[in-house]
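One chain is shown next in structure tokens, namely the form predicted alone.
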């Protein structure tokens, strides 16, 4: 739970209030002027209406140059950011032919497979020649190749489940699977900070949805007891099914799920566990098998394992792993399997090849080295940010590091100043986070060298001093401590 300092909360509210007041004033004058040239079709309601439209026009567009930055190279440790210009105060941005070489602290390229790889890339090219770029069909028609069957077997073996099914899109894996697994008469208990794909999947299922406090097993148990005692709304009949939804690493917090405690509670109350390992699979654990391996949880105790291939594996798509009966049921009923185009064969080969490198089946130790490097890089970077006085969320071993910004004026200031110094960062604000909790999300990769990380720390420290986001006192450096001790001795 994030505790906002009183003064920070007050100034943040004041900043948003000021933006809202001036935005409303400008809207009033715009409506007055537009009244004389009213061109809306008679009888039609405005397509864009409400506070969301107001937020986009009066807040987001002012700083939209900090978001959606196009790149023109692979998302490796360094990449090329395309420069954009605006001639209408940021309402529209036009690309130029100029690029800026920047240190990449925003991509999910945790193990460095997104760039050209000596083992993966040649095999992907051969697959492209053999199978083409797309199957142009669904899995149940002509979209299942030998690669898809091989990939599902590899994934199942890697995560420690009897069977798996793969999909062409990570977001759709959650949003399309949950309505198949549970429906009316069922109960979903979801972590309050779960990803939007889980939220939409839960809403679309028709099941009753309850939320527990973020990563708080004691509150989860309280909600479970209350809901089991009350039963279904109106009828108070027992729930047909209860499912608890959590993530391995929470993508906006960088925190590890308290999985052992949650699994224990779910066993006690006979609730199914659905674990989203989008950001944890491949990135953490001694052999990259995710949060279950890291925290010592038997995968047999997690009923449904979900993950994506867009982070650690340098590809696209997602998977569900579970019992053979579950996977067979999904193949008969899941719309993402029945109606969506299957995952591209080159993308499937990329995942298979990346898994082989991670497991050492390529005949080298590069996979183990990548896993060790991502862990070392993540812990080093997090430790140094803490020493500098930044408020950094998350746990050790997590490659996701949110630096809290809070104030809306600090979002564009931090992003733009970092870019000027050739460091590309991702800033995140409402609606992806609560209104007061804007942040910069740093993603560390195994492809980053120690020199890259030191440069990034120097830039972030300099910009942090300029923008004023070091909310804690910095630790004195070793040289300062040595000098202080020398003065005392003298």
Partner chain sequence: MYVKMAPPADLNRNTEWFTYPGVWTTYILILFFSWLIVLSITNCTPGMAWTIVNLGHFAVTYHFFHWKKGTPFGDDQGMYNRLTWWEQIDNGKQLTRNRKFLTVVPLVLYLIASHTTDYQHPMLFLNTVAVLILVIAKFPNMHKVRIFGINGDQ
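Bear in mind that the values here come from a model prediction, so they are computed numbers and not experimental data. Numbering follows the first chain given and starts at 1.
This next part talks about the form predicted together with its partner chain, which is not shown.
- 211 is the sole member of 211, 359, 409, 71 with a non-hydrogen atom within 4.5 Å of its partner chain in the predicted complex.
- Contact here is defined as any heavy atom lying within 4.5 Å of its partner chain in the predicted complex, and by that definition each of 3, 6 and 473 is a contact residue.
- Only one segment in the set 429-437, 445-453, 62-70, 461-469 has residues whose heavy atoms sit within 4.5 Å of its partner chain in the predicted complex; it is 429-437.
- At a distance threshold of 4.5 angstroms between non-hydrogen atoms, residue 53 is in contact with its partner chain in the predicted complex.
- Of the heavy atoms in residue 192, some are within 4.5 Å of its partner chain in the predicted complex.
- Within this chain, residue 47 is remote from the site of its partner chain in the predicted complex, having no heavy atom within 4.5 Å.
- When its partner chain is considered in the predicted complex, residue 84 lies well away from it, no heavy atom lying within 4.5 Å.
- Scanning 404-419 for heavy atoms within 4.5 Å of its partner chain in the predicted complex gives no residues at all.
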